[in-house]
Structures are given as C-alpha cells and as structure tokens.
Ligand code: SAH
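To begin, one chain is listed below as structure tokens, in the form predicted alone.
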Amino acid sequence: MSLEDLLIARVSETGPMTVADYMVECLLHPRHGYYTTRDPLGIAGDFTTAPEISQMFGELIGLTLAQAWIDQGAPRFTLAELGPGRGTLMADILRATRAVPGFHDAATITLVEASPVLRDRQAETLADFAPTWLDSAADLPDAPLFVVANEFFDALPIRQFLRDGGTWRERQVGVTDGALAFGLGGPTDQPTLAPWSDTPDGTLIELRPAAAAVMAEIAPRIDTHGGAALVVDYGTWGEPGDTFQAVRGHEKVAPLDTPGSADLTAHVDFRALAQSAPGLAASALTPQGVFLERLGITARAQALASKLSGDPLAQHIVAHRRLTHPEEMGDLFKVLGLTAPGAPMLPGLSQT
C-alpha cells in the first residue's frame, strides 16, 4: 500500500490532518518517508545544498565558528550540526579548522540526524573523525555548544492558518473525490497569532512549533555554558504568506502529488527563531552572498582558481556565482547568528 493510500485511509477514519502532520508522514514515515528511504542530495537527487556546490562554503563556516570559539576563550565544547546531510559541511569545517591550534582536540563532533540512510553516508564521509549521532537536539550535552544548521529548519513541519471573517482557520489535508486535497478547519483561537490579529482576511500565517522546540534546547545551553549558533536557510523576517512547497528532481511539484516522493519545505521565519532564544544576542539577518563576501570567499575562490583549468575551472566559477550572486543563492538564503550573552558576534555578521 502506498503512502497516499495510507493517508487517505487515515483521513477517512479520523478526519483531516494538519499540514504539519502531513509533512511528518511524508518525510519521516518508517517505510515510505522521503528522508528515511533515500539520499535526496546532489545532482542525481532532488536538491543540492551549498556544501555540495563548493568546499568554500564549509571552509568559511568552519573558520567563522573557530574564531567565535577563540573569542570565547577556547573551551572544550560540542561542535554540532543539525541535519548534516551527507556530512559534507562538517567535513569541510573540520578540514578548514585543522590548523587552528587546539580546536579539534577541544571539540566533540556531534550530528543530529533522523535519517538512517543519511547517517550511513555521514559515517563514510566523517570516518576519520568518529562523530557521535543524536536523535534530537534534546540529547545534546550540557556544555559549551557551537552549532550550525544549514537548510535544517525549512524541513521542520509547519501549521498554516488563514485569516477568515475576523478569525483564524487552519489549513488541513483532507480527501475530496477520493484524492488528497487542501481544506480549512473551523474557526480556532490561536494566541500565538495575536500579533497578526489586525491583518485582513486572506492573510496566511505559517507557524513552526518544532523550530521553537529545537531552539528551546539549543539556547539555554549556549546561554548557560557559552557558544554560538549559525543558521543558514531560505526565509524572511516574519513575513506572512504561503511558502509550502515540494521539490522532486530539482523541480517544484504539487505538495500533495505522490506523498513521500518529494522534499517538503517552507520558508523559515528567522524572527521567530530569534524570539525563541531570548537569552542570546541575535545578529542582523544577512543575505548569504553578503555573509560569504565579508568572510573573503572571492579571495578564496581566486586562490583555488589559480590551480584549475578547463572544465574544473568553469565549474568552480559557476559554483562561486551560485553561492553569492543575488539572482541565485546569494539573496534567497539568509544567515542568522546567535551568540552567548556578552560574546562578540560571529564573524561576517553584525549585531542588531
């Protein structure tokens, strides 16, 4: 039985489900889930993340974290990544920081990963570093924490609420004419939506409770023991709108088409993330291209280019443009830094 059949049967038995519940089933179902059954990354997969495009991305992230670690007194610490994909970003971070005195000896490398398929890939990529895997951020140790999350929060489930007749109605996934279809629940009281109570009918707001739960684990550790968080993702500073999307084979498809076969994501609300970490200092939200240029990506690109020619050089030039140009990932992706109270802001970012 396909996941679509299972979901139709579930709706028929228990009624419509939230968009969040639909995302969880599609992404993490033990037999049919998108993340539990495949490696979705790369040219042959459904999407390509920045670390897979060029080593420069991870190198600069690594040096940023290393400088923040030095700025905070070089303690023994947890070096963690949330949703580490194939382990490429962490491998680049560790290669770039190999020459930083004491950094590797002080670090406990930790990967928060739910997918068994991706855990296997990470183990291959990071075989020389003996990382520790955790199921959730709640399992992180109580210690100084330097954590990076690249395209992690966008895949966490969202709930969607539509302003209608002066109240809120939740968008749901039900069944119409034997097929999955979007619909609306009845009027509901959502205190979290109070800041948008004066918005006009038709306004759609997305909430991501799972993101707040993750931040509730990370922020107290950084607040108490020191550290920093670096979040890179696509999103906005709290703008309303329907951003729920599905990607299959590097192309957008309908989110309800063949559940479990496509990556489901939605834009990250960076304001909500910052508000979920009230004890930490938040940076200004910064476009990825600006962040990387401040860290010297062009100089690094030129140094690497001097050793290349032909197709590798052409691919390298394309990769640099893709990471930084405003019409590619440069403006679409944003960077948010969060640091321990009183600590300097992460390099490449400015304090708000």
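Because the structure is a prediction, the values reported are computed rather than measured. In this text, residue numbers run from 1 along the sequence as written.
If you look for the form predicted together with S-adenosyl-L-homocysteine (SAH), you will not find it shown, but the lines that follow are about it.
*Asks:* With the partner removed from view, which of 123-131, 91-99, 148-156, 198-206 is the stretch that lies within 4.5 Å of S-adenosyl-L-homocysteine (SAH) in the predicted complex, judged by heavy atom distances?
*Replies:* Within 4.5 Å of the partner lies stretch 148-156.
*Asks:* Is there a heavy atom of Gly85 lying 4.5 Å or less from a heavy atom of S-adenosyl-L-homocysteine (SAH) in the predicted complex?
*Replies:* Residue-level check for Gly85: yes, a contact with S-adenosyl-L-homocysteine (SAH).
*Asks:* Does the 4.5 Å heavy atom contact test between Val112 and S-adenosyl-L-homocysteine (SAH) in the predicted complex come out positive?
*Replies:* Within the cut-off, so yes.
*Asks:* Would Gln55 count as touching S-adenosyl-L-homocysteine (SAH) in the predicted complex under a 4.5 Å heavy atom rule?
*Replies:* Contact check for Gln55: no, nothing within 4.5 Å of S-adenosyl-L-homocysteine (SAH) in the predicted complex.
*Asks:* Might Ala211 be said to contact S-adenosyl-L-homocysteine (SAH) in the predicted complex, defining contact as any heavy atom within 4.5 Å?
*Replies:* Although S-adenosyl-L-homocysteine (SAH) is absent here, Ala211 would stay clear of it in the predicted complex, with no heavy atoms inside 4.5 Å.
*Asks:* Could you tell me which one of Val247, Leu118, Ala107, Leu140 places a heavy atom within 4.5 Å of S-adenosyl-L-homocysteine (SAH) in the predicted complex?
*Replies:* Looking at the other structure, the residue within range turns out to be Leu118.
*Asks:* Given that S-adenosyl-L-homocysteine (SAH) is left out here, which of Val290, Leu28, Leu304, Ile297 has a heavy atom within 4.5 Å of it in the predicted complex?
*Replies:* It is Leu28 that has a heavy atom within 4.5 Å of the partner.
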